[in-house]
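Okay, so here's just one chain, in structure tokens, the form predicted on its own.
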Amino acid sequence: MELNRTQFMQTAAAAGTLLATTKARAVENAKLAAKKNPDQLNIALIGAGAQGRILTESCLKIPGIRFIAICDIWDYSQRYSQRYLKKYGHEVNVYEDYQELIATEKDKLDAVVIASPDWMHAEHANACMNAGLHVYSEKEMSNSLEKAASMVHTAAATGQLLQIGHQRRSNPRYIHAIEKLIHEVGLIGTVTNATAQWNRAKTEDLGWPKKYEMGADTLAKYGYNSMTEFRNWRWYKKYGGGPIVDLGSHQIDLFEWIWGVNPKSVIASGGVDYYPNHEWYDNVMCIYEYDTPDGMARAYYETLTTTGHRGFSEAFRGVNGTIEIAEVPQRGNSALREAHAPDWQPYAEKGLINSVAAPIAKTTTKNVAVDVRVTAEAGAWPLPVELTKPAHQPHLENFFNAIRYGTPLNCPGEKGYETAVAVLAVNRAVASGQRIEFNPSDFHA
């Protein structure tokens, strides 16, 4: 949908308000940081499961971060995290009820890292921000847009920082590829198409040590019908959004970053094709349309859970070349030049890309028919920036630096909400079998 002048001015005004608010928060947080020692921050973890442990490991690598409390409803996860943190000299208090943690520890805390299941993010984040604590919340913000919007509103009302865990936004290789190569120098020309996927081989549901099984009363107290649902919450509509939300939101978020606009529409196909006991779609394919300043652009995304073929990576395709990238460089770490494109050697001499590898050899076999429409693939020009830290560490560093020094957040709640709108719409498109059309106002909480 094209914007008329009024809609454009409204969108621009909203963006200006967001920018002014973000800058004001940064200034205020810098003033607060100057009043105390910014070198140490005391934090708590809510949600000590698999993702919580990944975030814990990254936090432990950041100087001056001190865990003082953890919360999880499962005593198995409580014990694991408590013992793990103790190995690194962090003596923590352990809680089952997040409200008790906040009431007891809030005066000692600077921030809380939230890695609970999606359906609880808003409840946990809002309570923490209302208690005067900054929040790093894992994505997706919620499996409900209403709850996701409430997080944005609470952050605005309280003045607390809210960072959403789209960690690629802080990955130096992605920043270099998108901000420098695509936006600043235009290495690959006008980007007309993007593709991405996150595919996983078939697997069984997560189990649990039977001797540590939670009782039915405890499960019911916290909204779960069984240990199966608790351990595999991502597959159930009450708790999560399925693989397209759990995996896809990381990469669908990149499309907006590339083009600087939110999608115009999305169509999708998917289903419960292989795992009959699951509620959410195990295989989903979708196409977004983006009405960019350079014209219409489209992005294709798939997440499959019955094959690991191609794994996870992204490709940004421009008229002069393609950038293939992934969090793991072995899956994508180069730019591929189109044959007609200007010479890229000057970019290599400036250190923006590495020198080209040897091109793929052309066949010299005689008497072989060759389709003249097929052009030889040029060699790959590797990207020069590597991430030598765990994938989530730079994003957590950005969050903590925002608290300490007023550094702008790379993915504040407002930006995370935009991604939630785009991603959650895919499940609606699958269910309805219809194209979902977006209005610009849909992306404002």
Partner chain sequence: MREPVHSFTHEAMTTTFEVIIAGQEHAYARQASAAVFREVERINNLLNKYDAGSDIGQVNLLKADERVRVSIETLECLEKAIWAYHISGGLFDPTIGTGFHELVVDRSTFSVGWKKGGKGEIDLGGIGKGFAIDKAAEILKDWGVDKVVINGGTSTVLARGKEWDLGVGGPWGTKAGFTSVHLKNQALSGSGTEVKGAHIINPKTGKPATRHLAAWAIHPSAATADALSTAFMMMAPEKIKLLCAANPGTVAFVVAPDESLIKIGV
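On a predicted model such as this, the values are computed, not experimentally measured, just so you know. Residue numbers count along the first chain shown, from 1.
Just so you know, the form predicted in complex with the partner chain exists too; it's not on screen, but the next bit is about it.
Note on contacts: among 340, 350, 309, 87, the single residue with a heavy atom within 4.5 Å of the partner chain in the model of the complex is 87. Among 68, 41, 380, 60, the residue placing a heavy atom within 4.5 Å of the partner chain in the model of the complex is 60. In summary, the region of this chain contacting the partner chain in the model of the complex, judged by heavy atoms within 4.5 Å and restricted to 236 to 244, 125 to 133, 160 to 168, 200 to 208, corresponds to 200 to 208. Looking at residue 212, you'd find a heavy atom of it within 4.5 angstroms of the partner chain in the model of the complex. Contact check for residue 330: a heavy atom falls within 4.5 Å of the partner chain in the model of the complex.
Using a 4.5 Å cutoff between non-hydrogen atoms, residue 139 does not count as a contact of the partner chain in the model of the complex. Proximity of residue 250 to the partner chain in the model of the complex falls outside the 4.5 Å heavy atom cutoff.
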